[in-house]
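Just the one chain here, laid out as structure tokens, in the form predicted on its own.
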């Protein structure tokens, strides 16, 4: 920060000058992934700017996805974003282990509840049916990544809540304990903003960009066995897919 000379007469806002300086340090590797950025107080004192200006500079870096904040701890340089690959059916645990991360889950709640309209439609269940609902915060390398709510038809695994350790992989428990092997899933992703509860659980600011996932999973015979709604941090995830032309028709008049 000592090398930064702010131009206080420029039309470029001070917060943006600070943001660009820190961004250059991040991209050059001088500020490495996982390391803390200077705090609001440090920036304010060293550069003789208001705390609000310092806060705006740090917040704008979080909006770009190159930094993330943890309540009560500070702002840190982001790791490379984790890719969500739609071509594979994987649990969160499997995804994180495949990338060399240490997955973990924190249980919010686990209970048997009425199925509800959305889950009943996805799981093709009558309205009087009960489901097992498990809500967890999914964690990778001690960093909260997402909030996940899973619904499973109770008759498929009636004693699941007694047998399942919510810190571990649900898919492995279903496979090993009940012979339920998920082989296919329909998944929809939308962009959204974190609400108050999600922000608190994920350690981010309310209104931060998030991905909203809705997934229905199936076994080999086509039976729907899992309905999941989850919210994942936009600063820690990116979506990838492989696209290709269908057929050999090159007569399209448009381009990308």
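Numbering follows the first chain given and starts at 1. The shown structure was predicted, so the numbers you read here are calculated from the model rather than taken from an experiment. What we label the rigid core is the largest C-alpha set whose atoms superpose within 1.5 Å from one form to the other.
Keep in mind that the form predicted together with the DNA is not shown, yet the notes after this line are about it.
Trainee: Among 106, 102, 71, 124, which has any heavy atom within 4.5 Å of the DNA in the predicted complex?
Mentor: Selected option: 71.
Trainee: Using a 4.5 Å heavy atom cut-off, which residue among 30, 200, 48, 35 comes into contact with the DNA in the predicted complex?
Mentor: Exactly one residue meets the criterion: 48.
Trainee: Is the DNA in the predicted complex close enough to 15, 53 and 56 that every residue in that trio has a heavy atom within 4.5 angstroms of it?
Mentor: Every residue of the candidate spot has a heavy atom within 4.5 Å of the DNA in the predicted complex.
Trainee: Tell me the stretch among 205 to 213, 35 to 43, 190 to 198, 22 to 30 that has any heavy atom within 4.5 angstroms of the DNA in the predicted complex.
Mentor: Correct option: 35 to 43.
Trainee: With a cut-off of 4.5 Å between heavy atoms, is residue 150 one of the residues that contacts the DNA in the predicted complex?
Mentor: No, residue 150 sits far enough from the DNA in the predicted complex that none of its heavy atoms falls within 4.5 Å.
Trainee: Given a 4.5 Å distance limit between heavy atoms, list every residue of 167 to 182 close to the DNA in the predicted complex, or none if there are none.
Mentor: Heavy-atom contacts within 4.5 Å come from no residue here.
Trainee: Please state whether residue 126 has a C-alpha shift of 2 Å or more between the shown form and the other one, with the rigid core used for the fit.
Mentor: Shift of 2 Å or more: no.
Trainee: Is residue 188 displaced by at least 2 Å at its C-alpha between the shown form and the other one when the rigid core is overlaid?
Mentor: The answer is no, as the C-alpha of residue 188 shifts between the shown form and the other one by less than 2 Å after core alignment.
Trainee: By the 2 angstroms cut-off, has the C-alpha of residue 172 moved between the shown form and the other one once the rigid core is superposed?
Mentor: Result for residue 172: no, shift under 2 Å.
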